[in-house]
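So this first bit is one chain, no partners, the form predicted on its own, shown in structure tokens.
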Amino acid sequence: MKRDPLGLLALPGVGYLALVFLAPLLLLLWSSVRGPEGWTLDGYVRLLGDPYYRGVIAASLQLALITTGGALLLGYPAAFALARARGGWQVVLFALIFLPLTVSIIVKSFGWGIVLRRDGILNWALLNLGLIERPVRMIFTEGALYAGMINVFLPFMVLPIFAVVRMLDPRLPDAAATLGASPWFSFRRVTLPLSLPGVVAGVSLVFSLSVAAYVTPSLLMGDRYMTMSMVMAKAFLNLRDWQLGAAMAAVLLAMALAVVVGAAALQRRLGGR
């Protein structure tokens, strides 16, 4: 087998990733099975045997699923609008999608806190419209958390779907209509199957990012909604329980890998079809 010498150009990047990503990851996994008395699975036993930690894992999965579902419902039509827009409208829509990516997650989360607090913009508007008689508690609620999470991760759903949709021939629905297909039938049998690769990519990306969220839940809910990342931070920084924190990190990594591998397999299956 002939080797391409251009492949050697990848060695600096591969070496850098191995140094700053792979090595710390291996040390983290080592810490999850290594205790003061030698090899042990005590961290995993405590993690999976304690109802509190199982609840934290379930809460993180629930948050990721709701965030992914909400981002998909909002991002799918937005991606089509972005792909079909022309001229200045497409520039405006691109700006609305890309500008949030240039703002720190901390800034966006604090912004939601300002909007949703009792003397915030939303309560002020509702009071002046006469829809409420007194300020409503919105901050530190699960609704505020879901809204903030969807807002933060929505661009990561729109962009993969847009990358696929922009390659579709816009005349396909018209061609289906000339053959007697209704708009719903055309969407279900033509548009949706062709856009599924972008949907799979967006869902896997948003789920992997949101299940590991730390900043937004911390600022919008505090300790009232513990996630896996928050437990890891407390284990490492407050409890100094390296094994428990490393075990939680390993479980989180396993979830992310399962999503990525599953998405890759589904992508290959869709590509085969």
Partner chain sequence: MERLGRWLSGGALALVILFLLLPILVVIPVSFTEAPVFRFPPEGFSLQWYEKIGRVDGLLGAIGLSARLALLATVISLLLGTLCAIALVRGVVPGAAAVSAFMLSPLMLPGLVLGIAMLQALREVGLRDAWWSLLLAHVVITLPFVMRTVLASLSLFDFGMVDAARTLGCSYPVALWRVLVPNILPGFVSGALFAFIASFDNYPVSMFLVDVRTKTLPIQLLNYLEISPDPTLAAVSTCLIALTVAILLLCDRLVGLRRLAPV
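Numbering follows the first chain given and starts at 1. Model, not experiment: these values are computed from the prediction.
Here the subject shifts to the form predicted in complex with its partner chain, a form of this protein not shown in this document.
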Interface membership of residue 135, its partner chain in the predicted complex, 4.5 Å heavy atom rule: no
is_contact(residue 262, its partner chain) in the predicted complex, heavy atom dist at most 4.5 Å: no
Proximity of residue 74 to its partner chain in the predicted complex, heavy atoms at 4.5 Å: yes
Interface membership of residue 93, its partner chain in the predicted complex, 4.5 Å heavy atom rule: yes
58, 198 and 269 all contacting its partner chain in the predicted complex, non-hydrogen atom within 4.5 Å: no
Interface residues of 130-151 toward its partner chain, as seen in the predicted complex [heavy atoms, 4.5 Å]: 147, 150, 151
